[in-house]
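Starting off, we have a lone chain in the form predicted alone, written out as C-alpha cells.
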C-alpha cells in the first residue's frame, strides 16, 4: 500500500528557468557571461582539436632549436629541449581540463551524497557527517590535496583524487543546506503523509531542488580544481615529465624567464584565460539559476 501511494504523489516543483532556451537567452544577455563562454569554448575546442592544429607530437624533441622565440613555424616558440610549445599548450589543455572535470565529479558525487544524507536524516548521521566535514575544512584546500598526494603518491590519477577530496566539503555544505530547507516544505509533508518512503522523498522530491546550486557550484569548482591541479604539478606532486600539462610547463619555464620568457608565459596565459572564462560563466549561471539572487536584483 505504501509503495502504490508513493507512486501517486506528484513530483516536487523543482526550480526551473522556463526551459533551456530561456536559460540560454538570459545567459547571452550578460556580456561578461558571453565573454566567459567564448573564452571557455576556445580553450575546449583547442584542446579537443589539438591533433588538427599542430603537426608535431607533444613530446617530440628537437623539432626546432632550443629556446627558439615565437615564429610562424613555432607560434609559442620552443622550450629547452626544442619541443614546440604551441603543441604542448594544446595537448596540456586536455590534461588540465581533465583534472578539473574529474576532480569535480569525484568531489561533487561524494559531497552530494554526504550532504543529502546528513540533511535529510539529521540526528547522529548529520552530526557525524558535519564533524567529518569540519575536519576537512580545518585544512585549506591546497594543503589537504598536498596531504592526500603525499599519502597516495604523485601521479595524474592520485592528483585528481586529491583535488576531488578537497572539493567534498563545499558540495556537502551546500547540498545539506538545500535539503534542510526543502524537507520542511509542504510538498514533502504531503508526500510523507501519503506514505512515500524516505528514499522516494529524497530522490524524487528533494534532490531535484538542489540541481541549480549544484550546477553553479560545479562550474565554479572546475576553475578551482584546475588551479589546484596546476599548483600541485608545479610543486612536482602531479603529472610527471615529459607529460604536457600546464602546471608542469610553468614549473619548467620558471628558470628561463629572463632569456626565454615564452616558455612559462604562454602556459600561464592559457591558464588565466581558462579560469576567467569558467568563472565568468559560473557567475552567469548563478545569477540565472538562483531565484533568490533574481528576486534580490528585482527588488532593488
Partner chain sequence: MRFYLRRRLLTLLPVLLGVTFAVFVMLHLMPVDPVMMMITELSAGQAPVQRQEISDARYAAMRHEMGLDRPLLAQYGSFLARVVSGDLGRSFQSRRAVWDLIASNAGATVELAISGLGVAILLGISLGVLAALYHDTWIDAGVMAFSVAGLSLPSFWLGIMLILLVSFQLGWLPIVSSSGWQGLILPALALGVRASAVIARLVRSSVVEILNLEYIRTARAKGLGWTRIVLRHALKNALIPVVTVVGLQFGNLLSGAVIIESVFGRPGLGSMAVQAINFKDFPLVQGTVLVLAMVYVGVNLLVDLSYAWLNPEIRLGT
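Quantities reported herein were computed from a predicted structural model and do not represent experimental measurements. Numbering follows the first chain given and starts at 1.
The form predicted in complex with its partner chain is left out here; the points below concern that form.
Using a 4.5 angstroms heavy atom cutoff to its partner chain in the predicted complex, all of 146, 237 and 258 count as contacting. At the 4.5 Å threshold, heavy atoms of residue 38 stay clear of its partner chain in the predicted complex, well away from it. Though the partner is left out of this view, residue 186 does not reach within 4.5 Å of its partner chain in the predicted complex, counting heavy atoms only.
In the predicted complex, at least one heavy atom of residue 268 sits within 4.5 Å of a heavy atom of its partner chain. By the criterion of a heavy atom within 4.5 Å, residue 254 is counted among the residues contacting its partner chain in the predicted complex. Checking 142, 106, 97, 212 against its partner chain in the predicted complex, a heavy atom within 4.5 Å turns up for just one residue: 142. The partner is absent here, but in the predicted complex a heavy atom of 138, alone among 199, 72, 193, 138, sits within 4.5 Å of its partner chain. Partner contact region in the predicted complex: 127-135, out of 161-169, 200-208, 178-186, 127-135, criterion any non-hydrogen atom within 4.5 Å of its partner chain. Using a 4.5 Å cut-off on any heavy atom, the residues of 264-284 that reach its partner chain in the predicted complex are, in sequence order, 264, 265, 268, 269, 271, 272, 275, 276, 279, 280, 283.
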